[in-house]
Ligand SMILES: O=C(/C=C/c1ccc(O)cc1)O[C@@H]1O[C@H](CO)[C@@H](O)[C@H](O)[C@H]1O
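Take a look at this single chain in structure tokens; it is the form predicted on its own.
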């Protein structure tokens, strides 16, 4: 009996190790979307070509001192001219979906105050047709941070309710032009992040903030983020309403919104920190999703913010009702969370409106492996926590992991060879997919996963000093070089059962 038990133990251990350290495409449904993601400003370049208007990021990135390396997205990856080359990279990977965004200022250089730029329409038609010809589904984001500078100059962009009309108009132009072929739409990418960076810390355009959150020439960090968010939420609802009334039934697509979704873990196993972690979620994920699902902001936000938090009219609540088909989740990291109501906190990493402090360290130990982005750690179990939380809170609404990726810091002295053997990124993707698969086995309705990103790009405030790409880009020559992670992802998508970090198992066919 002992030898039989021993044999059974060894077999069960082998099964456990196999399932923990190896992945196979067959562990996900055949219909599961596996893709890569990009965004318009970060890759396209051609910033004034073919009648494109200036975006807020065109102007901001040209302002001295705003971008770490002093660079901008004028050329970026030159995707506007090299899109066929980049689609060929996707084809070699074996992805079945491509998530990208549409440049608002390329389609409507002056918002609704000007003509539709048909050359911009033509560019995205060519991209959509080219990826469909390769068997790749377009997964389109209507707004990924960049907006026409015209709207900022005219009425202050997201601080004015006027922008709801503009966003609805832009969305309908996109639906009319592309929704006969695009079946996956998202209205916004990370609105919960961009509102904080634009109107709380002032790091993103239009650079508005107030003390102690930042040192800006104008703004109110305790008020303006919530006005901007309110207008974004209602802009989302407006666009979805247009899609559902005029396009969805005929064309059979779906529409959602993409939220930046850190996992917040209590720093200490005490009630105050447990409540702080929940409060951090309320002031982050739930801030945008609760109004869409429940018709109002989380109650704790209203308790803390009082009159600074806008209210929804009964008409607006009717507009919001169930206004999405899926939730997009961008998940990169997990952080410890400490209460700042009953405990003193330093200003660094302090979310004053949520009254919490976040840190990656507890008792001298880091929560995960550091990445190239400060305060971002590889914590694979965090993705399962986020997905299961969304499942429970929002009635298991279908979910897509719209972004998940690993950053490497870079400088001008590094070469492509320094970046190609990216074992850390390879392990990151493997481990996060493993925990995502665990959540799916537990019943979470997750239907897709997109690696951020296809190619190194202009990484917002970091310029070209931070690299997320499966493919290295030499920005002097625009040469694309596949990294180990690209080869690993390709092998996985093509059905190889591969353990993490084993370069010898990479196919030479890539």
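Numbering follows the first chain given and starts at 1. Here the structure is a predicted model, which means the values were calculated and not measured.
Missing here is the form predicted in complex with the ligand; even so, the following discussion is about that form.
Residues within 4.5 angstroms of the ligand in the model of the complex, judged by any non-hydrogen atom, belong to 189 to 197 and to none of the other stretches in 74 to 82, 151 to 159, 209 to 217, 189 to 197. The partner is absent here, but in the model of the complex a heavy atom of 144, alone among 230, 338, 323, 144, sits within 4.5 Å of the ligand. Between the ligand and the residues 60, 47, 450, 460, the one pair within 4.5 Å by heavy atoms in the model of the complex involves 460.
Using a 4.5 angstroms threshold between heavy atoms, residue 378 stays clear of the ligand in the model of the complex.
Not displayed here, the ligand is approached by residue 42 to within 4.5 Å at the level of heavy atoms in the model of the complex. A residue is said to contact a partner when one of its heavy atoms sits within 4.5 Å of a partner heavy atom; residue 204 meets this definition for the ligand in the model of the complex. Using a 4.5 Å cutoff between non-hydrogen atoms, residue 98 does not count as a contact of the ligand in the model of the complex.
Residues of 220 to 247 placing a heavy atom within 4.5 Å of the ligand in the model of the complex: none. In the model of the complex, the CA atoms of residue 349 and residue 361 move apart by 3 angstroms or more relative to this form.
Distance between the C-alpha atoms of residue 232 and residue 348: shorter by at least 3 Å in the model of the complex than in the displayed form.
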